[in-house]
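The form predicted alone is given below as one chain in structure tokens.
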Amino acid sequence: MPIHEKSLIRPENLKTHDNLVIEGIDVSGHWSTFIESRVVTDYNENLEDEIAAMPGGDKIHRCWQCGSCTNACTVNAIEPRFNPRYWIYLIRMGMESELLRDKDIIWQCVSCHKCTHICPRDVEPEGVMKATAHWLTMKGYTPPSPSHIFDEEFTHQIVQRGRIEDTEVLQNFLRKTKQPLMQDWLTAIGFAIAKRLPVKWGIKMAWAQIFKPKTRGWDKARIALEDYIHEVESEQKAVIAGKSKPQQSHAPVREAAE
């Protein structure tokens, strides 16, 4: 389905003539605006499969370009360039170079799930946006986003110990994103909690920071999780390398009437 939205036309593709007369009629300025044809030089026929192999991207094939996701998008309301429908279109068309032009804003999805709730085809656009951001990082097009770093730290603690320590997650996140550990908002929250938190809870939290307890009998679960994560990551890399297809089913979605 072609894209006709004026906001999606790249400024450099709009051509005007300051002085132009056609058959005696002056059409100078915006009257003589032409849209330069777009040439795709690096078409990637596997792009949809690559995104589908990422967590959250497996339903991208269901999209029929109705635009409900973009219309409902919280971020699009303040940043018109954030356009899930358009990016899904580019992915399905294999226009990798066009997609990369927006690589610095794709990761800005705030996971409000408005797009997912309104989508009539259960595409789950929020998942597709996260899958696309993950794909950008895996291919080296963008550095890990702050949300990606936080997810990695959260997952690491779950896998290794079967539980999380909120304070440790936050500290490691701030350290990895090169943010100061002491911030005004964090200090204010710390003092507010300390005033209301029972002393034994405070001691327990400090103890956890030093000795890093884990869920009892967690070793077998940890090994199973590590094997699963390794298997999924290997599959993702194989799809990106063009050596396999994503394992998720791409069976057509049932019509609403059914």
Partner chain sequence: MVDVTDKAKKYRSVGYYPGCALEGTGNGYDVSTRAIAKKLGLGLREVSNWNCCGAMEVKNVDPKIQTYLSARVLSQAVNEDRVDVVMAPCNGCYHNLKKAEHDLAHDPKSVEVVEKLSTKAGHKAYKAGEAETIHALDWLKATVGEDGLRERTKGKLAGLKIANYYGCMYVRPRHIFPEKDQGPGSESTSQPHFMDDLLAAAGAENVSFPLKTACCGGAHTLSDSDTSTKLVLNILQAAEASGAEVIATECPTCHTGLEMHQVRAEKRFGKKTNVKVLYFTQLLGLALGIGPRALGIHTNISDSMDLIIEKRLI
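Residue numbers count along the first chain shown, from 1. Please read all numbers here as calculations on a predicted model, not as lab measurements. Here the rigid core means the biggest group of C-alpha atoms that line up within 1.5 Å when the two forms are laid on top of each other.
Below, we turn to the form predicted in complex with the partner chain, even though it does not appear here.
- Stretch 229-237 is the answer when you ask which of 229-237, 36-44, 61-69, 22-30 has residues with heavy atoms within 4.5 Å of the partner chain in the predicted complex.
- Between the partner chain and the residues R81, R92, H113, R101, the one pair within 4.5 Å by heavy atoms in the predicted complex involves H113.
- Contact between D151 and the partner chain in the predicted complex is found at the 4.5 Å heavy atom cutoff.
- Mapping the unseen interface onto this chain, I210 falls outside it, with no heavy atom inside 4.5 Å of the partner chain in the predicted complex.
- In the predicted complex, R175 stays away from the partner chain, with no heavy atom inside 4.5 Å.
- When the partner chain is considered in the predicted complex, L136 lies well away from it, no heavy atom lying within 4.5 Å.
- Three-residue candidate spot L8, Y86 and P120; no residue lies within 4.5 angstroms of the partner chain in the predicted complex by any non-hydrogen atom.
- Residues from 121-141 that approach the partner chain in the predicted complex with a non-hydrogen atom closer than or equal to 4.5 Å are E124, E126, K130, H134, in the order they occur in the chain.
- After superposing the rigid core, the C-alpha of I118 moves by less than 2 Å between the shown form and the other one.
- In the core-superposed comparison between the shown form and the other one, the C-alpha atom of L174 has shifted by less than 2 angstroms.
- After superposition on the rigid core, the Cα atom of L186 is displaced by 2 Å or more between the shown form and the other one.
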